[in-house]
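Below you'll find only one chain, the form predicted alone, shown as structure tokens.
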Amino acid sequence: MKSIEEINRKIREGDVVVVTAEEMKKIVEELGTKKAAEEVDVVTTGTFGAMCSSGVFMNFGHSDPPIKMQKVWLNDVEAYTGIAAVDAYLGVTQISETKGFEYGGAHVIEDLVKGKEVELKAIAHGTDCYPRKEIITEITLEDLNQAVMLNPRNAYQRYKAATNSSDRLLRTYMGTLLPNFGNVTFAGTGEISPLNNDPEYRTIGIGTRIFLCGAKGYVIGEGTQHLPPFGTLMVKGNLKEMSAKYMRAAIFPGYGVTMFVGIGIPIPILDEEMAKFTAIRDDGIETEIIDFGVARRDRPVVRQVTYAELKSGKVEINGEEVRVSPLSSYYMAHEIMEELKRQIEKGEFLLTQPVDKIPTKSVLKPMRQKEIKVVSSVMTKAITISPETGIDEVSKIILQKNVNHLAVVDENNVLIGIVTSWDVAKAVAKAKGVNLGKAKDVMTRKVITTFPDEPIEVAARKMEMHNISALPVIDAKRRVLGLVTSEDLSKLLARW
């Protein structure tokens, strides 16, 4: 048995034995857990990935005359001001009001750390003690009284991987997902990630000193959505001491802004159990591949998988080999482990005893909502036709049934296209003879669809995004179950 006090004494005296999590695996394989626990004092870990739940508290100091900021923007990115007169919290995912997804809170934070000037704009109501109503100036990180990075949810223990069963490309927080299981993406650094090396949170707790973006930071509690073994941490550190090398603003195309945050945590090897924990390998860390092609909170699980399989660059789905790509940087995580190792060996970084534990069990509840309306509650019967149906017959059906959309199906009722009254009108206008053609000649083959259990808000968003007025409702085998139109949704919303 060792104590953190004993390990800190070794650090001060310069005879501490520090290894990275990568090196520890090999040491345990060679020596066993008992001997490894005797030989090694500290194991350094690292992760470097997109951590959207991050941001910075800032105090700007008082202007003359003073202002109580009602709203504030930094390079046209709005920060939250409901705190005090000249305090604000800037979240990394907040986007610019002029540049949109091309620039956001993460970019402002990175610019500040790089020493750049940032435009500050603020407006206020004006009061007797804070008479000023508007200010525009420029600030640097040095000008701020305090700049405290406080991240509600970082250092995910592991992450669910993502794929896409739908027939359209998806832009998500897990990156770009190609249609028809075209790829898989995953996050997290697996066997070198901090929480995987201390799964019982014996040494990582409230008050644990960590490496945060190049500075010394601290764990201040469990992170939001903490659900072991998908644990998370809430962390803080001084932005003025951080390095742009260990943080990167990033844009996920079609989704938004995020920031790659570098975190390293030293794991003291107090006993044989801690040596065993830090010997974990990627093939012992399991997660799930979930299907983002189904737009609901409890997305279906495609299959179980290990981090070893994910890191191999390919996995098998439905008998097919699918390419896998990471969203975290193993290279940067490795560099963080090495830098933290160097600081400990040089006596620049001491360990801390947690003042309280991180919970090992948790319950993650969904948002409380009123009754969720799904597509099946509003869809109507779909009128289907064969691709061989003549345009003249199609026009008769549209008039007789008083509909604007006809689903084109094969002999198994599988959707292959859609014909609208507008398609028929164009066919008639372009026809030069009696033969107007067939449904297959005018139908739209790439059909945007919905599922019966999809929330109506999702269906409405699809119509808006693609500028269409109806969606065929299909099952998992693309068999037509019904149709939902913008008119159906309008009627439902009117009843609400």
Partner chain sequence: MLLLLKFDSKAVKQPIISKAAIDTNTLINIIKASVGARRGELIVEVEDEKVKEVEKIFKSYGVEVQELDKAIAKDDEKCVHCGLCISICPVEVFEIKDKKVVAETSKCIHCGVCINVCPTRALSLPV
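Residue numbers count along the first chain shown, from 1. Worth saying up front: this structure is predicted, and the values here are computed from it rather than measured.
One more form of this protein, predicted together with its partner chain, exists but is not displayed; see below.
- For residue 323, a non-hydrogen atom is located within 4.5 Å of its partner chain in the predicted complex, even though that partner is not displayed.
- For the chain shown alone, residue 283 is not a contact residue for its partner chain in the predicted complex, no non-hydrogen atom being within 4.5 angstroms.
- Residue 331 belongs to the set of residues with a heavy atom inside 4.5 Å of its partner chain in the predicted complex.
- Residue contact check for residue 133: none of its heavy atoms lie within 4.5 Å of its partner chain in the predicted complex.
- Think of it this way: in the predicted complex, its partner chain has a heavy atom of just one of 388, 102, 142, 97 within 4.5 Å, and the residue is 102.
- Taking 206, 327, 295, 351 one by one, only a single residue has any non-hydrogen atom within 4.5 Å of its partner chain in the predicted complex, and it is 327.
- Only one of 177 to 185, 287 to 295, 82 to 90, 124 to 132 lies within 4.5 Å of its partner chain in the predicted complex by heavy atoms, and it is 177 to 185.
- Using a 4.5 Å cut-off to its partner chain in the predicted complex, not one of 25, 159 and 230 places a heavy atom inside that distance.
- Shown without its partner, the chain has 248, 249, 250, 251, 252, 253 in segment 241 to 255 as residues with a non-hydrogen atom within 4.5 angstroms of its partner chain in the predicted complex.
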